[in-house]
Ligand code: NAD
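Okay, here we've got a single chain as structure tokens, the form predicted on its own, with questions on binding and movement later.
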């Protein structure tokens, strides 16, 4: 087992290993004063892992209730958020009690935001069951729901009490969803590790890769918890990716959209003179090697208009993450009206 400690406004451990889910109850009991717990999960993940999570928690002395919602990005909505809040109140959770986010990025975002808001803050344990959630969304305290106007526009920074990454849960992950997480892993290589990028071309130890990505995110979060500087680098591929995702009405997955966004930024970086053609070709080649898309038929003008509503926009400017070399990216602020020229 690997343990990565996050020293943020609230410190916590990210545990990465195999066979960790049965230890959830014991670890939760050591962190939580209360003994009532709500597991939050979508209908797909709940069918697979809710009984094991519930059994572990009950064995540790918790009274457990479970809130299950339909899988998919559509459930990261204000309506579902309020249903969850009412469920917590109806089950009499108190400030000393606990939420457990059991699932992928949608579950983690929704549950984390509910934990930040219910009674002005209750503890939350993240138990990510997708690769994307393990390497990215479960770590760092970003929680949110979507609005009709855009993705993640309503949220809070709220650090979990623990992140429990049981690599065994990835064994049941559909190949397509596993590849979504691979897009985020590639992102980490492009951002800060030539060694990780090269490793992905061949055989690699999944546990070691997850731990390396989490440790890279740890360094960024500890340096810039509230996303005002260096943490913005983690948005590589996301500004354009989020716009493409929204324009597809979320029929195109987050990971695929991030992959397209990274490829677009790589091509634009060459066009704008930030990086050599060889670097862009390497990035696009690795994305393609994993079976992820590198382009879209969505018109550039539509991507531009949608991206103007991105939460990272600051007045009349937007900060882009631009690759320079594999393992080296920079933050580049542009006037929003220049964004159209970066969509290539």
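Numbering follows the first chain given and starts at 1. Just so it is clear, the structure is predicted and the values come from calculations on it, not from any experiment.
Here the subject shifts to the form predicted in complex with the ligand, a form of this protein not shown in this document.
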Quick one: find which of 93-101, 200-208, 269-277, 133-141 has residues within 4.5 Å of the ligand in the predicted complex by heavy atom distance.
-> 133-141
Is it true that 129, 151 and 217 each have at least one non-hydrogen atom within 4.5 Å of the ligand in the predicted complex?
-> yes
So which of 42, 282, 310, 50 reaches within 4.5 angstroms of the ligand in the predicted complex, heavy atom to heavy atom?
-> 42
Tell me, yes or no, whether residue 173 is in contact with the ligand in the predicted complex, where a contact means a heavy atom of each within 4.5 Å.
-> yes
Just to confirm, residue 125 within 4.5 Å of the ligand in the predicted complex by heavy atoms?
-> no
Wondering, does residue 106 line up within 4.5 Å of the ligand in the predicted complex on heavy atoms?
-> yes
Residue contact check: residue 111 to the ligand in the predicted complex, 4.5 Å heavy atom | no
Could you list the residues in 1-35 that come within 4.5 Å of the ligand in the predicted complex, counting only heavy atoms and keeping sequence order?
-> none
